[in-house]
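Below are two forms of the same protein chain, given as structure tokens: structure 1, then structure 2.
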Structure 1
Amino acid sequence: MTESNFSLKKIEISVSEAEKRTGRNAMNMQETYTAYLIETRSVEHSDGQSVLTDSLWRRCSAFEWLRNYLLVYYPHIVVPPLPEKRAEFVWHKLSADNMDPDFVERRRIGLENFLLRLASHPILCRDKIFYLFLTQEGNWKETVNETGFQLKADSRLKALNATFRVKNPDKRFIELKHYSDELQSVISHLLRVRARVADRLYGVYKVHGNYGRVFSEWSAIEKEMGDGLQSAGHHMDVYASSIDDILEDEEHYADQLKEYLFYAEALRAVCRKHELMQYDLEMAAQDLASKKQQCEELATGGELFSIWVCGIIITNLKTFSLKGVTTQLFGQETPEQREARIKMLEEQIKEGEQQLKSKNLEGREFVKNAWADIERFKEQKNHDLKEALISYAVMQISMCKKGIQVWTNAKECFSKM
């Protein structure tokens, strides 16, 4: 595949394998990590010929590197989140070890979903670094470093400062922040409820396993009822053994919810960037107004007035300032000096006006692009969560029907005794 036609043709992306590896980190210390095999294959080719599958291994840190780069260069986009590093909101009887095979498999699926989200995004899919992530085996991180994205990243302290000091925040972004908080709260509640349901479900199935064992043991000591008890026990055992597959489906449902739990932070990242831009705009406007006032005072001279300072009569402009006091104490500037200062201020004002105009345009463009992507995200969220909740409801109905069938079969066994 070539870089020029990557975004124009259909491709298939998959994270097909996960492999535990041991290596040395930046501090030359041995560490254990998981690497993932990424495979890409073109579905359509311009000349109609088949194309071989490209594959390469990436560790989790490379996925994080890619996402951090996208956050810096596409601040107006709700960048898809990565799956969790360690199990959260996990059903308590399942392993929470991040090297656990079941967890690694779920993370593999999550990383594949992350790449598919990027590939389906109308803007992110065309990014050169994303293309190289899928195709360049070596020196990919060096290529990312050359973009200088780390130097362009906004510090959290600066973002926090902007949050508290912005005087005229955009109400739409305030509402978006509330929307993200509510989304996170609702999803967190759903995950906690799901964990309790899974816990209770596990208990119900294990009770059926106990029934199966009791009926099987009972059948060994009963001659006339033995066959019926053994059949009933078999139905109970089959029902109890299906819990593993059901809990796997439960975890898949939880991972779908967790993706949107992490999307809430991606929404807040867009809000923080807008606050930073708004803060810079307000500071630029304030600086420009200050320079215009200084220039006006120098140009007009102002009305003079006198005050006493330490026994000295000081004549100053109508606006009293420390600068005016020092001028009176240490000598009046010459007309040439005043003209030079006025000229310098006029140049700074001209630059400030251009800068303010540029920041205004940049801000309007950011808001336009951000809201277009937020609307796209909301449509995606509504579609995905609707499907996930419907699938979960269907799964619960199916389990209930299976339970009814088990007890119907057991009842027939008992009635034949």
Structure 2
Amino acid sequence: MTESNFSLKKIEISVSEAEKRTGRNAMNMQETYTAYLIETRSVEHSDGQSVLTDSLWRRCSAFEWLRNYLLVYYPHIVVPPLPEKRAEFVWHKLSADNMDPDFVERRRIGLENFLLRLASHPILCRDKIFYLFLTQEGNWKETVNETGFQLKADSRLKALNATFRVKNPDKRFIELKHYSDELQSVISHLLRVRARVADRLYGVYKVHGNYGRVFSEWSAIEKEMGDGLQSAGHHMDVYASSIDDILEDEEHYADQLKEYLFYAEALRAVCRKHELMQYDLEMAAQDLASKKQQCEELATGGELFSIWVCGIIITNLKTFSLKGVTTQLFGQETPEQREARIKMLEEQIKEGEQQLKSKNLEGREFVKNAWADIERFKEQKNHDLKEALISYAVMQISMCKKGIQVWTNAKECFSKM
């Protein structure tokens, strides 16, 4: 498979297996980790059949590297998130153990989803590192490292600083950041309560199982009622055990919500980048302005002299001395030195103006591109979440129908008592 085939998106990616492995880490200590098998198939146009073109194993950390790389090189893109490392928002039956097979299985699906998101993104799918991630077995990490993405990453501190100090960010980004904060908060709340709801529902169903046992015991002492009771008891057992599958299906819904919970963070990352760039721009403009002012002050020293003198005299009233005044005004400088300074400043100003121009351009480009991806993301989100809600409703409908079935069966057994 060549790169050009790849970008035409006629490929199928799957994370088909997960395997527990042990090995030695950088500090030569034993560690256990999970490795995932990534298979890539290209789809033949004519008959739609797919041919396996690449197959390699990657561990979790590789996925994280890939994502961090993409965050650095595509700051204007809402980069798809990775699935959670630790099981959160669990209800009691699910194990919170990361090595639990159910969790590993859901993780596998999440990682596959991540790669599929990348492959279907109009810009990200063309990235070479992503292509190599799927195809280059050895040395992939070194290749990524060589891009120097780790050094190019913006420091958290810098970003935080910018957030607080930026004066004129684009209004839409302010709104977007506010939205992503709210979204994160509401989905977290939803997932927490959903887990509690699942817990309680489990309890209701399971207690009904006790009816099964007691009806069976009771039927033993009854003559005509015995059969009806016994078979009704069986249906109660069926009812009680049906909840396991129901709740397992619901986990899929929770995973869909979780993806968008993590997407909120990706949205915030784009906003932060904008704030950083904007702050940078504002700082550059401010710097330029002050340099210009300095230049002016030096150049037009004579005209404003008298004003300055008054100012300086006022500030030096206590310890007035002519030597002091002149030192303050001109430092220890000579007129030649002053000329040199002015020249330097003028050069810096020229550079600064160019920089400001390009920064402005960059900033506008960023806003344009970012906003295009955000619009794409919004549509994706609306579509996906609607699908998720529909599938949730379908799950509820199925659960209700099962309930009606079981109780109708039980009712029939009771009627034969």
Partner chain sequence: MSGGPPKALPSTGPQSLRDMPHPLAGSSSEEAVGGDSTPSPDLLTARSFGDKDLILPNGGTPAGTASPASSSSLLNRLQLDDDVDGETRDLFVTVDDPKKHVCTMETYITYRITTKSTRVEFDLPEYSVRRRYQDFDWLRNKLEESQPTHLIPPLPEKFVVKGVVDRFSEEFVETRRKALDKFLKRITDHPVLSFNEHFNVFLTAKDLNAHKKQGMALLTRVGESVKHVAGGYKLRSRPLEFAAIGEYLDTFALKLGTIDRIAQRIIKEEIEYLVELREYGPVYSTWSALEGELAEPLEGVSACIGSCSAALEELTDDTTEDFLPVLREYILYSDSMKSVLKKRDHVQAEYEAKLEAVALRKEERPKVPADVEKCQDRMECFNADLKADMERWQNNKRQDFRQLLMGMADKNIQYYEKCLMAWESIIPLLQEKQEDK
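Residues are numbered by position in structure 1's sequence, first residue being 1. In this text the structure is predicted, and so the values were computed from the model without any measurement. Throughout, rigid core stands for the largest set of C-alpha atoms superposing within 1.5 Å between the two forms.
Shown first, as structure 1, is the form predicted alone. Once both forms are fitted on their rigid core, the CA atom of I221 lies 2 Å or more apart between structure 1 and structure 2.
The rigid-core alignment places the CA of E175 less than 2 Å apart between structure 1 and structure 2. Core-superposed comparison between structure 1 and structure 2: the C-alpha position of Q286 differs by less than 2 Å. Look at A240: with the core superposed, its C-alpha moves 2.8 Å between structure 1 and structure 2.
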